[in-house]
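Below, in structure tokens: the form predicted alone, a single chain.
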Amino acid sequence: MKGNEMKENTAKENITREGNAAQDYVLEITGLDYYIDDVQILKNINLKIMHGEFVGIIGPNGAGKTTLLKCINGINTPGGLVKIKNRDIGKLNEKQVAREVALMSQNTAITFPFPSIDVVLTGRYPYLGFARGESMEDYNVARKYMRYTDTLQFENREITKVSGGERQRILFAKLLTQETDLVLLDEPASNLDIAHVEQIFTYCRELCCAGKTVIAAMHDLKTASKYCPRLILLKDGEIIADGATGEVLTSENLSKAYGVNALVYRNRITGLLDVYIPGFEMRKEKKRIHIIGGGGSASGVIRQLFEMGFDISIGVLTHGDSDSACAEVFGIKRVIDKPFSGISDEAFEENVKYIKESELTILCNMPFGILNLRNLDAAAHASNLAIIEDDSPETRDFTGGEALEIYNELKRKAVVTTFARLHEVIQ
């Protein structure tokens, strides 16, 4: 306990130091704007973050948290200036950026049965020369971080045969294997149980104490307040608060960002900030919504619909799928089938039954293979279908075009949206 308090106090000191030279900043963002087509997603973002800080980015769905992380690591090309250790990332090539900043995405779906060690080794790609494979040193680095994240026992197991939480920790080992000073995490605890949430954020604190910087986009305000000494609150692509946790997590700020009357108080048992929303009631007449997902594509949707009070079901999933684990945590009705085989007639019919009983069916931004192809056939039975399309369907089709043909036919009668705009469809 004392060790954790010392780590937290050290991290808090990082954000209160004054008069530091420019080289103390691992990240500087000036006048950052980002558009998708003609829609402005991020607006005049200005940030300075020092070495050793643990920063949480919070805000409602669609606020721009994930988009900001992708601008920091160069996936998105924004207007304005992003500097990492005083270097403009716009002037760095892909490998140079990857040696400075690593991102663990919210989407943990992996459809090919690679051995877990091979997945972790992909974190070494910034250091590999042309036509040169991994060295023994690269393997040693990968195994070091698998041991650190308690995943070395899965070294030779196929990544598709581990649980969602185990996959999350393996991907965290991959992130660490990249050995960057700046670490970006997008909802790192979304598929983890309570014990492993504690473990992941303990790792983050240790990284910060070693001088690395961690920036995490987080959904859960209580988790953010527990682990992050500094918070950045986004709404509609703008920073509306930035500072120490107690300064950002206020009733006024949460009202501005989330549109709720929130009571923020210090929990006398834990000593941590807590949030209470008085007068919240579940919907008296629950709307039935069925979700078609898998591979982690539905976890965020489940959480959002559950918190909005809808009656939810999901299928067809397999045992060990991270979406199945998420649905189980929230007590969601699930259609489960055997892994590593096509969807059975029984599971297909149960899935169709739920779809026909629902007022809305949501097809998530999931990969399609031969084994889950019948989920697309089931979606055709929906009276109202919404399709979440964050990534091009062509990149998610592993059936040689068969899935894409069914998918495009479904789009003819569906509402197509993104996860960030899903709330507009389900109100």
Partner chain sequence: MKEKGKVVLVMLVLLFLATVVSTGFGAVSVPFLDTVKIILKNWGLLNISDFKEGWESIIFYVRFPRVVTTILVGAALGTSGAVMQGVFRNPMADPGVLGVSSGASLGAVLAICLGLPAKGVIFMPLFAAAGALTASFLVFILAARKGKIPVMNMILSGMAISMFFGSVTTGILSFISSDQVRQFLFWTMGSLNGRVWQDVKISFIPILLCIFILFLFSRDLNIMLLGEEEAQSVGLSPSKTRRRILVFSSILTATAVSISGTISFVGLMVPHIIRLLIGPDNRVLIPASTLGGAIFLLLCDLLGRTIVSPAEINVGIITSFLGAPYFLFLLNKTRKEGAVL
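Just so we're clear, the structure is a prediction, and the values are computed from it rather than from any experiment. Numbering follows the first chain given and starts at 1.
Missing here is the form predicted together with its partner chain; even so, the following discussion is about that form.
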- Message: I need the one stretch from 146 to 154, 321 to 329, 73 to 81, 350 to 358 whose residues put non-hydrogen atoms within 4.5 angstroms of its partner chain in the model of the complex.
- Response: 73 to 81
- Task: Give a yes or no for Ser105: in the model of the complex, does one of its heavy atoms lie within 4.5 Å of a heavy atom belonging to its partner chain?
- Result: yes
- Heavy atom of Gly123 within 4.5 Å of its partner chain in the model of the complex: yes
- Query: Would Phe114 count as a contact of its partner chain in the model of the complex, using a 4.5 angstroms cut-off between non-hydrogen atoms?
  - Reply: yes
- Message: Does any part of Ser313 reach within 4.5 Å of its partner chain in the model of the complex? Heavy atoms only, please.
- Response: no
- Query: Honest question, do Ala109, Asp118 and Lys174 all end up within 4.5 Å of its partner chain in the model of the complex by heavy atom distance?
  - Reply: yes
- Listed residue that, although its partner chain is not shown, lies within 4.5 Å of it in the model of the complex (heavy atoms), from Val275, Ala257, Ala98, Met308: Ala98
- Select from the listed residues Glu198, Asp236, Glu179, Glu134 the one whose heavy atoms reach within 4.5 Å of its partner chain in the model of the complex. Glu134
